[in-house]
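Coming up is one lone chain in structure tokens, specifically the form predicted alone.
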């Protein structure tokens, strides 16, 4: 058995698919994973996949051409999903995506592969894709921008899945004339959107956290007004924290002004 170990990203998984396919070892003899094994087996060969953007682009082009845009997006969403503990999952994320792609390209109509939910690999890919899509959809409503002292619109999120590509595309389309930043504090990544240009995703390892706390005077004023309104319309006898947490999960509340303390500045 040949174990291809790739990076946990769209480009990493797509590069793994490219290398696994090009190896000609036979699909039944190949496993694709994003996890370095705890224990190596003497009867398996481990191959480290180096992420290659050219190879990834070739796989992406093939999938878009053969599967169509909708199914391709589902594959990408699955690749962006969190896999917290692979040992508890029926199929490793990368393996599920790889086998789904193999199955799709064997079909006359590759775009219908997600209908084969009886196949464990397809079912797993579907579940992963839905997890990313649902979280991105929630954040389109829950995400809050605030104006920093330097005029940049800033939003912080703590998502389970890597949803920045979806949020970047959505808000770039709706706020084309704004300088904004969406910061994924879980992964130390951010969407940056310069006014009038496209967005890009960058590492934020050296991000000045203190700067992010300096809000503009207008932002502070409006936050106080909103908090006053939010608290004044609340009816004590009708408070239902359990229902509130069902409609707005606690993991989203930490980044929403109604549930956070106002800065002192």
Partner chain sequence: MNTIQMDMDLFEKLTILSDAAKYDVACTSSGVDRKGNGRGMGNSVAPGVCHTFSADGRCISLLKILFTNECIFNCAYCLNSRDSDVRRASFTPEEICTITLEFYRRNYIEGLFLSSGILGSPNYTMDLIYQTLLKLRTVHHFNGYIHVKAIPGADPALVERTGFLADRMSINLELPTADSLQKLAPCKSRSTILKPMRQIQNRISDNKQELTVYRKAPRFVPAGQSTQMIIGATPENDFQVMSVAEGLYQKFGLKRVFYSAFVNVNGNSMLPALPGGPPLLREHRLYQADWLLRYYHFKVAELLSEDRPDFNIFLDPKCDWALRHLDYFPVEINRATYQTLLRVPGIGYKSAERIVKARRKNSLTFDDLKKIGVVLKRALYFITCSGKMMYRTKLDEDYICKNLMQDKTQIPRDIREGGYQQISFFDKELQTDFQLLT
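The model shown is predicted, which means the values in this text are computed figures rather than measured ones. The term rigid core refers to the most C-alpha atoms you can superpose between the two forms while keeping them within 1.5 Å. Numbering follows the first chain given and starts at 1.
The discussion below concerns the form predicted in complex with the partner chain, not included here.
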Worksheet, complete the sentence: Only one of 22-30, 203-211, 42-50, 235-243 sits within 4.5 Å of the partner chain in the predicted bound form by heavy atom distance, namely 235-243
Discussion item. Although the partner isn't part of this model, could you tell me whether residue 221 comes within 4.5 Å of the partner chain in the predicted bound form, counting any heavy atom of the residue?
Written reply: yes
Worksheet entry | in the predicted bound form, residue 178 touching the partner chain (heavy atom, 4.5 Å) | yes
Worksheet item: Is the gap between residue 139 and the partner chain in the predicted bound form 4.5 Å or less for some heavy atom pair?
Response: yes
Worksheet item: Contact between residue 160 and the partner chain in the predicted bound form at 4.5 Å, heavy atoms?
Response: no
Discussion item. By the heavy atom within 4.5 Å rule, which residue out of 185, 110, 153, 76 makes contact with the partner chain in the predicted bound form?
Written reply: 153
Practice prompt. Scan 96-135 and write down, in order along the chain, each residue with a heavy atom lying within 4.5 Å of the partner chain in the predicted bound form.
Written response: 112, 115, 116, 117, 118, 119, 123, 126, 127, 130
Worksheet item: After superposition on the rigid core, does the Cα atom of residue 236 shift by at least 2 Å between the shown form and the other one?
Response: yes
